[in-house]
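Shown here is one chain on its own, the form predicted on its own, set out as structure tokens.
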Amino acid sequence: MPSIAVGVAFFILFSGEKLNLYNTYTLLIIVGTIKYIPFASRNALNSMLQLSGEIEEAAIIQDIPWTKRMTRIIIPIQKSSIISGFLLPFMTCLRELSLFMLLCTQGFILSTTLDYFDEMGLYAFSSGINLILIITILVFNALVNKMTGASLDDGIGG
């Protein structure tokens, strides 16, 4: 579904007198989640279908509770799929501009602020913000690599 159509629908839905979430982070989170949840759910479904049922059956036979099966068996095996399932919609949502332009004012989200700085000729400010973004992405990439061992540089599962 086109982002403009989703943005207009949520603008109409949440900018009424009784329920006004216009220009709030809550609305941006709701819209981003609803727009990009199919990416994450499809990834999770495919990764769980690749996991053999015998692994969980063996844990059931040994009378291991569901929470322990998930935290000790399933999640460690599926950690790279879980990370990619989170990063795909998250990164797609970060670069989305047309969806969020309708739902907040210009100084509310970073991409509209950068656009404002460029229009006003304040290139040093927008370059500084871009540098902070690049450093943040590199730090989070290093943290994911260190915590999970699933290097995003080599590809998921590498």
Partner chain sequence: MPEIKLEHINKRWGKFYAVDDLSMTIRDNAFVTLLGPSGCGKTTTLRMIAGLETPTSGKITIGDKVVFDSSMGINIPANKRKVGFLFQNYALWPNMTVYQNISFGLTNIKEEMPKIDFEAKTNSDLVRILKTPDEVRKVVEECRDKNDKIDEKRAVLKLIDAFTISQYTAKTLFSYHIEKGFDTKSKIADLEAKIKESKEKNNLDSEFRYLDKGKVVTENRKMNKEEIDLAVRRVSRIVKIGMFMDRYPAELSGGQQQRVAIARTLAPEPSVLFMDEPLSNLDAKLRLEMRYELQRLHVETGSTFVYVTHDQMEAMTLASEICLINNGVLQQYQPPLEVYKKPANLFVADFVGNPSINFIDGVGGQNDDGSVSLDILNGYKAKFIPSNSLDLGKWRKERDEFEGKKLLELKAKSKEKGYVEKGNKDEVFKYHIQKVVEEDDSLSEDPVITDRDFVLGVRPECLVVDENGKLEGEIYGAMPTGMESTIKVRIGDYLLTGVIFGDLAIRIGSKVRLNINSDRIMLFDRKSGKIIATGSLEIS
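Numbering follows the first chain given and starts at 1. Since we're looking at a predicted model, the values are computed, not measured.
The same protein has a further form, the form predicted together with its partner chain, not shown here; the description that follows concerns it.
Student: Does its partner chain come within 4.5 Å of any heavy atom of S52 in the predicted complex?
Tutor: Although its partner chain is absent here, S52 would touch it in the predicted complex, with heavy atoms inside 4.5 Å.
Student: Find out whether any non-hydrogen atom of P65 is located within 4.5 angstroms of its partner chain in the predicted complex, and reply yes or no.
Tutor: Looking in the predicted complex, residue contacts with its partner chain include P65, since a heavy atom lies within 4.5 Å.
Student: Is there a non-hydrogen atom of A58 within 4.5 angstroms of a non-hydrogen atom of its partner chain in the predicted complex?
Tutor: Output for A58 is yes: heavy atoms within 4.5 Å of its partner chain.
Student: So, in the predicted complex, is L88 in contact with its partner chain at a 4.5 angstroms heavy atom limit?
Tutor: Judged by the heavy-atom cut-off of 4.5 Å, L88 is well away from its partner chain in the predicted complex.
Student: Just one stretch in 126-134, 37-45, 65-73, 23-31 has heavy atoms within 4.5 Å of its partner chain in the predicted complex, so which one is it?
Tutor: Residues of 65-73 come within 4.5 Å of the partner.
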